[in-house]
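Just the one chain here, the form predicted alone, laid out as structure tokens.
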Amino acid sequence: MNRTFLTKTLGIAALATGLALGGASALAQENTIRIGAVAPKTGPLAGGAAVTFWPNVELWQHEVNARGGLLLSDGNRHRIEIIEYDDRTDPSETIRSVQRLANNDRADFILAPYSTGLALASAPIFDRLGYPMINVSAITDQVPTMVNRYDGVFFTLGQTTPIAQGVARLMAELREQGQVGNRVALVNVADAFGIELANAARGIFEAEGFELVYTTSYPPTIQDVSPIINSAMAANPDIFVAFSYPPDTFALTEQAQVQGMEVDAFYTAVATNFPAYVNRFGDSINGNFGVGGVNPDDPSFLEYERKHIEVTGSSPDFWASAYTYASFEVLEQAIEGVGSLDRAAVTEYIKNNTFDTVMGEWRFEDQHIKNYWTVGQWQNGRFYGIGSTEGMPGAATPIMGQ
């Protein structure tokens, strides 16, 4: 055979093979749904995101891809690819990361950021870029304003005033039963979450007839909370309430124990429901109150908890973890319901349909979920939802004096 002919033939074959492989690669890439995820991996809120946000991203990707991907109207299943960015707990970096995901990475969808402050800061950019934003870890009384302003912004975890009302009204009920006294120490982290809750709670506690004997706020970067506990103890409260974030939740609890704070009811907010909280403090926190909750005996939660541990190697928290996964289930069901990656159509689908989630049946009314847990309590190693806005099933009865 002519060597020149053979060389040309092999070259053409190689080119054809390369084009075929390149085409297959391009097709595989085209068939992949790109999902952006931006949340803290460093900074003050990294610890909370490492429990509530990032493991659920991992679990959701695993579960979807284990089924072959999301089923679209082309009859094919499309695997999801997660593109991750660390916003360093910096709102400006959250916004830049969302822009990068949209403009550089061409993400088909972007998951809502972690925390109230970062979510509120980035909502305008989600809206401008046309991405539906299903917020989980954002608690704010700005919900009515936000949903009127932004067509594709949704909220699942609750609003500030009902959360504050849940705590105050529970304490009022316990006071009527003779379980707690009337004097309240109220402290908060000086972040959007803590500021809103404290502002609402002061008026609600006073309206319920409580006496606020000590109030203060502190920066998210606080290193030493002992002066706060000292000052609170000096005011001799019956009830201690802290609208706190993970680092200060742990620090306040530890200092309260070290300094021997004795109160009828002890409440802290985010991270109170983390497995690490009971792992660190053991039986000493039995009876402690915190924000939110779940029904940890519900079969749906138990199955979710099992998969979470199996896939990620860690346990979910007993509040926002399940809500976070539920928000991803909503996005998944909306994409499959529409059958395409049309973000405007997916947004409308979320508005107008009911979703089967780990948190039960969800239907958005005015772009937010109206029934949610407001306050929970540690009871024998599990964190149970006690109070809710519209009567969540499986609510536990408070235990006192333990």
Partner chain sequence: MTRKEIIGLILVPVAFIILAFLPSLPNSANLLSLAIPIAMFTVLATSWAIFSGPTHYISLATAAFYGVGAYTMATWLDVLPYPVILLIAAVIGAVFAAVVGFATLRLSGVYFVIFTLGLAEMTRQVFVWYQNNFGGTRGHYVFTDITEAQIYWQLLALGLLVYLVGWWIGRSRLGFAIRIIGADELVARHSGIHTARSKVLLFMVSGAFAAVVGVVMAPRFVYIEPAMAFNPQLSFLVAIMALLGGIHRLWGPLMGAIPFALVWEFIASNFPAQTILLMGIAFLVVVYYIPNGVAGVVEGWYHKLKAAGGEKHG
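What we label the rigid core is the largest C-alpha set whose atoms superpose within 1.5 Å from one form to the other. Residue numbers count along the first chain shown, from 1. Source: prediction; values computed, not measured.
This protein has a second form, the form predicted in complex with its partner chain, left out of what is shown; the following refers to that one.
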Here the chain appears without its partner; judged in the predicted complex, the stretch of 192-200, 277-285, 309-317, 175-183 with heavy atoms within 4.5 Å of its partner chain is 192-200
At the 4.5 Å heavy atom threshold, is residue 85 in contact with its partner chain in the predicted complex? yes
Wondering, does residue 206 line up within 4.5 Å of its partner chain in the predicted complex on heavy atoms? no
Using 4.5 Å between non-hydrogen atoms, is residue 296 touching its partner chain in the predicted complex? no
Mark residue 118 yes when one of its heavy atoms lies within 4.5 Å of a heavy atom of its partner chain in the predicted complex, and no otherwise. yes
Looking at 148, 223, 92, 73 here, can you tell me which has any non-hydrogen atom within 4.5 angstroms of its partner chain in the predicted complex? 92
Consider the chain as shown here, without its partner, and state which of 340, 65, 42, 371 has a heavy atom within 4.5 Å of its partner chain in the predicted complex. 42
99, 141 and 217: each with a heavy atom within 4.5 Å of its partner chain in the predicted complex? yes
For the stretch 245-278, return the residues whose heavy atoms include at least one within 4.5 Å of its partner chain in the predicted complex, in the order they occur. none
Taking the rigid core as the reference frame, is the Cα of residue 245 displaced by 2 Å or more between the shown form and the other one? yes
Establish whether a shift of 2 Å or more occurs at the C-alpha of residue 326 between the shown form and the other one, with the two forms superposed on the rigid core. no
Kindly check if the Cα atom of residue 78 is displaced 2 angstroms or more between the shown form and the other one relative to the superposed rigid core. no
